[in-house]
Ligand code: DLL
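Here you get one chain, nothing else, as structure tokens; it is the form predicted alone.
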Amino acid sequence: MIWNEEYETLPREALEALQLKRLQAQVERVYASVPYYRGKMDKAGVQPGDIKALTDIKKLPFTTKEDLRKNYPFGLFTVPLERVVRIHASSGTTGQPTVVGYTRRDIKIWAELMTRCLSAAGASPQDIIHNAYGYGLFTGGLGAHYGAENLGATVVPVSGGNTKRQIMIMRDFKSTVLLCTPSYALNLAETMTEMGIDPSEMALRVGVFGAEPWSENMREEIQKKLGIQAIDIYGLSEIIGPGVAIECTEEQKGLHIMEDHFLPEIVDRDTFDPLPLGESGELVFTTLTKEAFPVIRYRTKDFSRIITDHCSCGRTFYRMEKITGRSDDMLIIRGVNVFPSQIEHVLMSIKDVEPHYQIIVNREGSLDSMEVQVEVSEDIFSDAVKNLETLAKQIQIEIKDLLGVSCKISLVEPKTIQRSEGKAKRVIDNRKI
């Protein structure tokens, strides 16, 4: 179901005219109200009046997470605090979070976008939505919650943790839609098995999973273990939270970007020059309607490409390819770029391997070494040593073939790798870089 046909099916010419009008207004606002943005634009030699076409966006300077940290906590807000009705913050790896604010209108728009996303995933007012995203400073829980309520569905705001209780609630309440991270969905499936509960006892039919990159093979694993359709959703706190883009149930070939509110670009990951539509690179977003905390050309560090093909669902918004990795997550091992999602893709294609793994990186002298710890099934773990050695060798060869880098494979018994109730911790990098 298309929630907002007026905008979600706009002809491309009308959509781009709307984007330009909103982009020009947004650039005017940030230039007039945020000294930091004004200083960056002046340094780049660009004025708001220079934005006469969408292609002129390349004249504007990028915004990065470092800019947000330099202006912590409220330096990039464009409205006084008395107009800010909510503040969220992302967990910062450096110890300092990035802070985002919302006006009442921002919250209303966010709810609208999440409602569109849930509709694209097949949810309706008749559904009972089990929301296991974290509530609090993390944008996931409340963003999804407001969208589900706006849809008219029944929301169960269970948040993260207490997995066995969550499963009982899903079964007893007959929840039909599951919202959580993909790694937690696998955790739920595993715990159901431990509890002796068959997923067919559940009323679940679809899951909307985001907040971390996940492979197509992991999608197949989730769908097989939970017996549901697994839909990918994309968002990030700095842009608005969840609700930036979503797959549709009809095709699941790329995520429809809410282009009337966010202007996407793909730039070269090394030079940061804009790339033509269809080429892969780093995803960049400009918010077109955010009031409290707009961002101009925000570098997401996520890698994707823009898909312009017609979609059978009827939406005219361009789609973005499923995220293949983040530069933040990228490991450089002996000069080779390695993404956890690439290793996951290999592991999920091999029989007797469980969907739980961890990558451990060390430096021995001047050389980097990588170890992949992966759980195997109960049956194979109790098998002959020779069979385990054969399996480890197979994984090692397939990773080497794909990535061009050797690694040690450690097969560990089931349930020994720590489970996630939010974003999975896939990498332990012990190097002092």
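Throughout, we count residues from 1 along the sequence that is shown. Treat the numbers as computed from the prediction; the structure is a model and nothing was measured.
The discussion below concerns the form predicted in complex with this ligand, not included here.
At the 4.5 Å threshold, heavy atoms of Ile323 reach this ligand in the model of the complex. Taking the partner from the other structure, this ligand in the model of the complex has no heavy atom within 4.5 Å of any heavy atom of Tyr146. Residue contact check for Glu212: one or more of its heavy atoms lie within 4.5 Å of this ligand in the model of the complex. Taking non-hydrogen atoms only, Leu236 approaches this ligand to within 4.5 angstroms in the model of the complex. The candidate site formed by Asn217, Glu375 and Phe381 is entirely out of contact with this ligand in the model of the complex, as no residue has a non-hydrogen atom within 4.5 angstroms of it. Put simply, of Asp127, Glu221, Asp232, Glu354 only one has a heavy atom within 4.5 Å of this ligand in the model of the complex, and it is Asp232. This chain appears without its partner; in the model of the complex, the one residue of Pro294, Pro242, Gly207, Gly101 with a heavy atom within 4.5 Å of this ligand is Pro242.
Per the 4.5 Å heavy atom criterion, this ligand in the model of the complex is contacted by stretch 130 to 138, the sole one of 355 to 363, 307 to 315, 130 to 138, 190 to 198.
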